[in-house]
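One chain follows as structure tokens, the form predicted on its own.
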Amino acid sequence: MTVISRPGRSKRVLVGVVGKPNVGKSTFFAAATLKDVQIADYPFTTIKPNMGVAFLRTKCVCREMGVTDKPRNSVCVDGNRLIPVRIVDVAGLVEGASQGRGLGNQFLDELRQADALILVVDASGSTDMEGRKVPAGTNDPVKDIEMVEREFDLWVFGLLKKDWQKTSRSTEQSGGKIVEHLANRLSGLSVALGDVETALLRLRIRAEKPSKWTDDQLMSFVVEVRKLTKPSLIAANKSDLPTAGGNIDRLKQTGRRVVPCASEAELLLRRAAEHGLVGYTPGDSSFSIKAPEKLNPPQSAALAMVQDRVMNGYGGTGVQDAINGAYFGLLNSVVVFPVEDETRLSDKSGSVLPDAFVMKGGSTALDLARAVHSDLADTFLYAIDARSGKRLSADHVLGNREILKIVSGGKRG
């Protein structure tokens, strides 16, 4: 893999990697980012949250537009653009984390700014609720998911419940709106006013009399807000182990988005690719051995097992699919290519299609201008679609793989 030297352009979205201890979260994170993290076969290996840069894989516009230049903030491999995105791996959550058990509140707090969650579970069922080893197939990963989400919900519930009666009564007496109070209280969790209104509407909870809400109603509200603002998918890790198949089927029966994953296989392939031993790009359904003479017997055996159990069994390791699923599936993200010269598709220095920006679904041309540079947003006039030449207004909703020029009334200093 080519080293990315400028990952800072993709700081608009954050995905959290969560789960109970010892399910392979840190391996998933290391495989996605190639960042050295402590990986061990016991609970609470991760003490501090790990922030890293993974890659979003999407079809580039280079071949369509006849471009051969190398991009600036990302890598293009055989027409596939690998764009740096942020993910954070937090310590494993155990039952009681919302009350501070284990490494509880500290790491629940680290998930405040996450826009989506990848819930990593041990699909082989070989770790108990505390993350300790048990005979394979004896633990239920469905219950693990329920526990992790319950602890997150209880933590948020505790934040709201602390002074609920006083706040709800004073809001009623002053003629204030409880939706505004809730939005302010939860703003640190990236919860907006519209999210609060949507949750209450879906639950048919009356906003006029919050002092009459029961604890069950308040908890239902918390759960609904989590679903709205922290959508999640399940990374069914250790999918290459014999006991994983049945559990993966059970996980899918819950109606959740499930991605079978083999994080150790992905980490092996990416490190082998770094050393020139194999040909592999994250998300590929196969790999090629470039230098068989450099492989020792254990390495050859490991790669053969990956081919048999992972590539042949699932069509890939699933790690890239989980990252793409979080950004494209959960957040409806789009990739946009901003340029300064819409005819040459270049920036002012002549670099062609230099950058690729990952934007949340529903983002506008004005949002893109703000992401490129605040001055562009402050003096925004219009955008130009490089394909059609059409002028686009500030409220134009960005489409995937659009190539846009931002026209402003000022100059960036």
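Start at 1 and count along the sequence shown; that's the residue number. The structure displayed is predicted, hence computed values, not measured ones.
A second form of this protein, the form predicted in complex with a small molecule, is not displayed here; the remarks below concern that form.
Participant: Does any part of L241 reach within 4.5 Å of the small molecule in the predicted bound form? Heavy atoms only, please.
Facilitator: The answer is yes: L241 has a heavy atom within 4.5 Å of the small molecule.
Participant: Would S26 count as touching the small molecule in the predicted bound form under a 4.5 Å heavy atom rule?
Facilitator: Taking the distances in the predicted bound form, the answer for S26 is yes, it comes within 4.5 Å of the small molecule.
Participant: Spell out, yes or no, whether the shortest heavy atom distance between E264 and the small molecule in the predicted bound form is within 4.5 Å.
Facilitator: E264: contacts the small molecule in the predicted bound form.
Participant: Would you please decide whether P21 lies within 4.5 angstroms of the small molecule in the predicted bound form, comparing each non-hydrogen atom pair?
Facilitator: Result yes; P21 sits at the interface with the small molecule in the predicted bound form.
Participant: Counting only non-hydrogen atoms, which stretch in 282-290, 202-210, 233-241, 246-254 is within 4.5 Å of the small molecule in the predicted bound form?
Facilitator: That would be stretch 233-241.
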